[in-house]
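Okay, here we've got a single chain as structure tokens, the form predicted alone, with questions on binding and movement later.
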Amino acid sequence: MLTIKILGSGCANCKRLEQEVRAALENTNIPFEVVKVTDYTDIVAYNVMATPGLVINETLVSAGRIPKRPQIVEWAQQFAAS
């Protein structure tokens, strides 16, 4: 199972990123869980300078933007295969 973390304070872009992740992965056979990380200290630990941040299995894959759904699926497939 993939652990997907949304890093951010809970702003509109953070919420939108979570929606995009769920929408991108809902029709895949990849099991996943979404965890919201809102504590500033925890966010900084991932070396994120701009939110929202997207972490898959403890690897930062995106920060400061909302990636497109195909990119999210591609990352999820790469991590699911490893």
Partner chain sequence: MRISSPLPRITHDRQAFALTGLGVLLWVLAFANVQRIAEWLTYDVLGISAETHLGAALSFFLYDVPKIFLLLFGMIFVITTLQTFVQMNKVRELVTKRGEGVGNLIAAGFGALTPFCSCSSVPLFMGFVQAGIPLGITFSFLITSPIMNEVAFAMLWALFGWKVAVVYLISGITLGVIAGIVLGRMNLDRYLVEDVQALRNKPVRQVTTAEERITWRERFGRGLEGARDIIRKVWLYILIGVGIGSLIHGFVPQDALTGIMGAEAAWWSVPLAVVIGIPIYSGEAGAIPVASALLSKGAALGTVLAFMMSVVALSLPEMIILRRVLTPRLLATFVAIVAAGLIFTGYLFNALAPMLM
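Residue numbers count along the first chain shown, from 1. Just so we're clear, the structure is a prediction, and the values are computed from it rather than from any experiment.
Below, we turn to the form predicted together with its partner chain, even though it does not appear here.
- Each of 11, 41 and 60 comes within 4.5 Å of its partner chain in the predicted bound form, counting any heavy atom.
- Residue contact check for residue 27: none of its heavy atoms lie within 4.5 Å of its partner chain in the predicted bound form.
- In the predicted bound form, none of the heavy atoms of residue 3 sits within 4.5 Å of a heavy atom of its partner chain.
- Although the partner is absent from this view, residue 65 contacts its partner chain in the predicted bound form, with a non-hydrogen atom inside 4.5 angstroms.
- Taking the partner from the other structure, its partner chain in the predicted bound form has a heavy atom within 4.5 Å of a heavy atom of residue 48.
- Of the residues in 62-82, those that come within 4.5 Å of its partner chain in the predicted bound form through at least one heavy atom are, in sequence order, 65, 68, 71, 74, 75, 78, 79.
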